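Encoded as structure tokens, the following chain is the form predicted alone, with no partner shown.
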Amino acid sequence: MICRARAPAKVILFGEHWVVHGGRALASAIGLYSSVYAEPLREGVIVESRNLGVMEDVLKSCRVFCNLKRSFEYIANGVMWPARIVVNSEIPVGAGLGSSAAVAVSASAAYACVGGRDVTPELVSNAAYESEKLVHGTPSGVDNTVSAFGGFLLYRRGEGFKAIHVGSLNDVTLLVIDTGVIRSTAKAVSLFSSRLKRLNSIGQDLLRLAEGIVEEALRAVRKGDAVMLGELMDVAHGLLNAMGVSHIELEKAVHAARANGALGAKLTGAGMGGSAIALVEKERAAAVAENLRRLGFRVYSGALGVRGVSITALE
């Protein structure tokens, strides 16, 4: 059996950093994808990345794809079946879009399909989480869950994930603006947490305000109110900037997006580099993206709330 799988990237719309301190985070699957082709072999588990130009048999050695080997071991309950796995991802690496999780989700789905297993979002999300632990140490599970299940998900530490039913957001596109600035998630989290602690009661007021933004964002998403969603993105970015986790390139990207007609824009993920996001009406998206590219940014676009992992099997 030959199998093809596809899994989307994720983006955090609201709640980054605040979620570390008990707040909620609202994440969405976005229409940028990792695609994987898989076919059975007589021996070996050969993984090839078209993006990296790397190929290795993970049964013999794994320098690059040890994380995927961990996923395959989970899928196969320890005894892996032979297969060839070819990965081709359009998701930028290091941009805060969960690229490694999307690759792991799509690769796990394709590998499970070749082995004749029933492919479910739960199975491939759990398998990808094993991969993410090897990549990130102690991941939250947001990336693999959003990629596997798709749509919009609400997350709070200790409470897990909740799917959010949404109104129509078909008239807008999300632009991901990659600043190219390498960021340290650990450094950003430490800086944010230290400032929040020093602010004492003001910090707690800001945390409550951030929770209020998430609550209003949930209302906007459920109603399909893109204008309100954009305004809330602007406000959320202002808070993150005030907490010290923005960057001059992020500010340039955010302000340029707004100036060219975006409904709203903010940093996403850890900040201090990485990516910003902008919510743009579809008819304006190409022009806004082009203006941002002229400023030197890499810009990607995709629909919000897309479906999660999908699989096609060919006999």
Ligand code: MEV
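As the structure is a prediction and not an experimental result, all values here were calculated from the model. Numbers follow the displayed sequence, beginning with 1.
The following text describes the form predicted in complex with (R)-mevalonate, which does not appear among the structures shown.
Answer yes or no: in the predicted complex, does (R)-mevalonate come within 4.5 Å of a heavy atom in every one of Ser28, Ala163 and Leu218? Not a single residue of the candidate spot has a heavy atom within 4.5 Å of (R)-mevalonate in the predicted complex.
Going by heavy atom distances of 4.5 angstroms or less, which of Gly230, Pro139, Pro121, Gly150 would be at the interface with (R)-mevalonate in the predicted complex? Among Gly230, Pro139, Pro121, Gly150, a heavy atom within 4.5 Å of (R)-mevalonate in the predicted complex occurs only for Pro139.
Only one of Met80, Val214, Val189, Leu206 comes within 4.5 Å of (R)-mevalonate in the predicted complex by heavy atoms, so just point that one out. Here the answer is residue option Val189.
In the predicted complex, is there a heavy atom of (R)-mevalonate that lies within 4.5 Å of any heavy atom of Ala256, even though the partner is absent here? It does not: once (R)-mevalonate is placed as it appears in the predicted complex, Ala256 has no heavy atom within 4.5 Å of it.
Even though (R)-mevalonate is not shown here, does Thr185 get within 4.5 Å of it in the predicted complex, heavy atoms only? Because a heavy atom of Thr185 falls inside 4.5 Å of (R)-mevalonate in the predicted complex, the answer is yes.
Find out whether any non-hydrogen atom of Leu13 is located within 4.5 angstroms of (R)-mevalonate in the predicted complex, and reply yes or no. Close contact is absent here: in the predicted complex, Leu13 is far from (R)-mevalonate, nothing within 4.5 Å, heavy atoms only.
Give a yes/no on whether Gly269 approaches (R)-mevalonate to within 4.5 Å in the predicted complex, heavy atoms considered. Because a heavy atom of Gly269 falls inside 4.5 Å of (R)-mevalonate in the predicted complex, the answer is yes.
Choose one stretch from 112-120, 80-88, 206-214, 139-147: the one whose residues place a heavy atom within 4.5 angstroms of (R)-mevalonate in the predicted complex. In the other structure, the partner sits against 139-147.
At 4.5 Å, heavy atom to heavy atom, what parts of 15-37 sit next to (R)-mevalonate in the predicted complex? List them in sequence order, or say none. Heavy-atom contacts to (R)-mevalonate in the predicted complex: Glu16, His17, Val19, Val20.
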